[in-house]
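Form predicted alone, single chain, as structure tokens, below.
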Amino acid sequence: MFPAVFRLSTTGARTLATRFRPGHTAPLASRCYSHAKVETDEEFDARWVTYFNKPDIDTWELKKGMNTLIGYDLVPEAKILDSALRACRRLNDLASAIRILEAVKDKAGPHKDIYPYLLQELKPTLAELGISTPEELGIDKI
């Protein structure tokens, strides 16, 4: 009885081994699903400037836009931040304006020259809108 079971098990194992040989795999099809046009940097910037310059933007749209923008693998350009800060001013939302500056500083990460550059570019806008930086308010040390 045991030799019969042993014979069946070895025969079954051989058939499984020949049935699933790695050398007999089906070719994989390569597909390109995206036929969309690649967006240039200028088009990307213009899209976000237009988004934040909408006259009827509300606080939820502002926060949603900034959350989406910060989620990208980039630090936003100064002109995008300028329009976002102006949207904060139109909404009288100082907290969001300061949070935008904090998020940009965090997004710059270990690159210590990006955040000072953006502050330098945004200095006229910050002065015009009366927005203080987190460093001026002392909340960067908390």
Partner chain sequence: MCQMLGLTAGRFGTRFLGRRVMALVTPSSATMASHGHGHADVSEIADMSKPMYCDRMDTPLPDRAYKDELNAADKTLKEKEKGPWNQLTKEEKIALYRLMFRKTYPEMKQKTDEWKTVMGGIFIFLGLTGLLVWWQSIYVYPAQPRTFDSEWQAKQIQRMLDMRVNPVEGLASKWDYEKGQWK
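Source: prediction; values computed, not measured. Numbering follows the first chain given and starts at 1.
Keep in mind the form predicted in complex with its partner chain is missing from the figure; the text below concerns it.
Report whether the minimum heavy atom distance between Pro124 and its partner chain in the predicted bound form is within 4.5 Å.
The answer is no: Pro124 has no heavy atom within 4.5 Å of its partner chain.
Contact flag, Leu62 vs its partner chain in the predicted bound form, heavy atom cut 4.5 Å:
It does: once its partner chain is placed as it appears in the predicted bound form, Leu62 has a heavy atom within 4.5 Å of it.
Taking any heavy atom pair closer than or equal to 4.5 Å as contact, tell me whether Thr50 reaches its partner chain in the predicted bound form.
Heavy-atom contact with its partner chain at 4.5 Å: absent for Thr50.
I'd like to check something about Lys54: if you look in the predicted bound form, is any of its heavy atoms closer than or equal to 4.5 Å to a heavy atom of its partner chain?
No - in the predicted bound form, heavy atoms of Lys54 and its partner chain never come within 4.5 Å of each other.
Heavy atom within 4.5 Å of its partner chain in the predicted bound form: which residues of 103-138 qualify?
Residues within 4.5 Å: Ala103, Asp106, Ala127, Glu128, Leu129, Gly130, Ile131, Ser132, Glu136, Leu137.
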